[in-house]
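Next up is one chain by itself, shown in structure tokens, the form predicted on its own.
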């Protein structure tokens, strides 16, 4: 496998899990302080990384959850965001302009902030009440599985959390297996579709943010490939008319409540295009996890598989994932 070191991945995954107590202590402090709702507020890929947890919170509890993009909050506010909101924010660099601006406004409002950042000493860390710095640890979602899970458990909404959290020790190894299992399919995908002028990505529920972010932040931003992302629930209200025999349509199928919507799309695309690609989370082993937790792990499993497309597409197209024309290159 190109550009992947399994042993290093296991090491950096353990670097987060080994600090489980620290993450859970932050959750305890947030519960002790008290809050009326949970707000997910960042931008771009960081927001998309957090958004599946809105689905998880809603399905496991009655805790109200609000999703608001940082630049929208700073320009218009949000009536449900108050000093009694617990705000969760994320930024790999910790200095994302829009996210830092929102954090300043939220701090002024008096809303407590828990942040997940990749760089120690960053502006977002300084603005946060609690901050977990993951450094080179991956996946960042592991932090939120522990933090959000602990929150809901303390509130009496996720009785199975201790068992889930114990099993999360197995997540790095499970994701290594996903990458190794999917790599041959990823290579075939890249060889077939690397020069396509346009492709469609479809998903729903907890996997929708994954498809949205992958299309936007990886295929468009990093690989300069033209895409359209659409929810399974809306696919039949517009996008279906763009499907032709040679149209590449990639569908992520989840194991949660919206799986029937994905399977409806699967039936359609397999009839009307020769380039239907279905990536079903149910096909991955996920050793070490009980079946009841699989749907929650769908986003991080999908991201692990899709990373193999990214790395192989980078190699086949000779287009480094780090290359940018405009992002953080020019003023805008």
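Positions refer to the first chain, counted from 1. Just so we're clear, the structure is a prediction, and the values are computed from it rather than from any experiment.
Below, we refer to the form predicted together with a further copy of the same chain, which is not included among the displayed structures.
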(request) Consider residue 80 of the chain shown here, and say whether it contacts a further copy of the same chain in the predicted complex, taking contact as heavy atoms within 4.5 Å. (result) yes
(request) Could you confirm whether residue 327 comes within 4.5 Å of a further copy of the same chain in the predicted complex, counting heavy atoms only? (result) yes
(message) So in the predicted complex, is a further copy of the same chain close enough to residue 303 to count as touching (4.5 Å, heavy atoms)?
(response) no
(message) Taking a further copy of the same chain as it sits in the predicted complex, is residue 96 near enough to touch it, meaning that at least one heavy atom pair lies within 4.5 angstroms?
(response) yes
(message) Please pick out the stretch from 303-311, 22-30, 266-274, 285-293 that is in contact with a further copy of the same chain in the predicted complex, where contact means heavy atoms within 4.5 Å.
(response) 266-274
(message) Only one of 231, 113, 152, 174 gets a heavy atom within 4.5 Å of a further copy of the same chain in the predicted complex. Which one?
(response) 231
(request) Identify which of 255, 183, 141, 221 has a heavy atom within 4.5 Å of a further copy of the same chain in the predicted complex; exactly one of them does. (result) 221
(request) Kindly confirm or deny that 44, 212 and 237 each have some heavy atom within 4.5 angstroms of a further copy of the same chain in the predicted complex. (result) yes
(message) Heavy atom within 4.5 Å of a further copy of the same chain in the predicted complex: which residues of 51-81 meet that condition, in order?
(response) 58, 59, 61, 62, 64, 65, 69, 71, 72, 75, 76, 77, 78, 79, 80
